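In structure tokens, one chain follows: the form predicted on its own.
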């Protein structure tokens, strides 16, 4: 059997000020809470687990600052302008954001929208509705992955492994999003290659 162990998983989930919420009559483990937060973010981002965690940070920042401009996001997040433009376009196309012309007609104001706002609020409930705490959580997770640009799927895999240590691939697949198993398997292999997960056994 193939066992997968988290490598430095604590860097991603320890020390987070996450609210204790009931789950099936029991208190959730930290890794289980992380998994639920990721699930809500997947729903907030159009049900697309291939979204980057960076995109989730941008969505949370816009929700924290309704009516913000791209210049404001760049200043707060130190974001690259061209990469931010691509992320904003994606978020608008998926119905996560709404654009509205500013008072002077030159600036464009951004607002979270509909289903995206509802599911983001569910993720925020784990952080006592603190956007800053949610963004810090996501940035910490991004830092765990180093140079790799982690997706929501990657984050969910790490959370699933952290919840059941050790675990096997089939158990991890069951926590994911009904995508092609080849995609999920490739994601696990990539995390092993990166040293985020460690493979034990045969």
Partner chain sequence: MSEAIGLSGDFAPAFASLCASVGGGDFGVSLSLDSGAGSFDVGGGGEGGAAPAMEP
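Positions refer to the first chain, counted from 1. These numbers come from a predicted model, not from an experiment.
Note that the form predicted in complex with the partner chain isn't included here; everything after this is about it.
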property	result
Contact of residue 67 with the partner chain in the predicted complex (heavy atom, 4.5 Å)	no
Interface membership of residue 150, the partner chain in the predicted complex, 4.5 Å heavy atom rule	no
Exercise: residue 162 in contact with the partner chain in the predicted complex, heavy atom 4.5 Å	yes
Partner contact for residue 158 in the predicted complex: the partner chain, 4.5 angstroms, heavy atom	yes
Residues within 4.5 Å of the partner chain in the predicted complex, restricted to 120-141 and counted by heavy atom	126, 127, 128, 130, 132, 133, 136, 137, 139, 140, 141
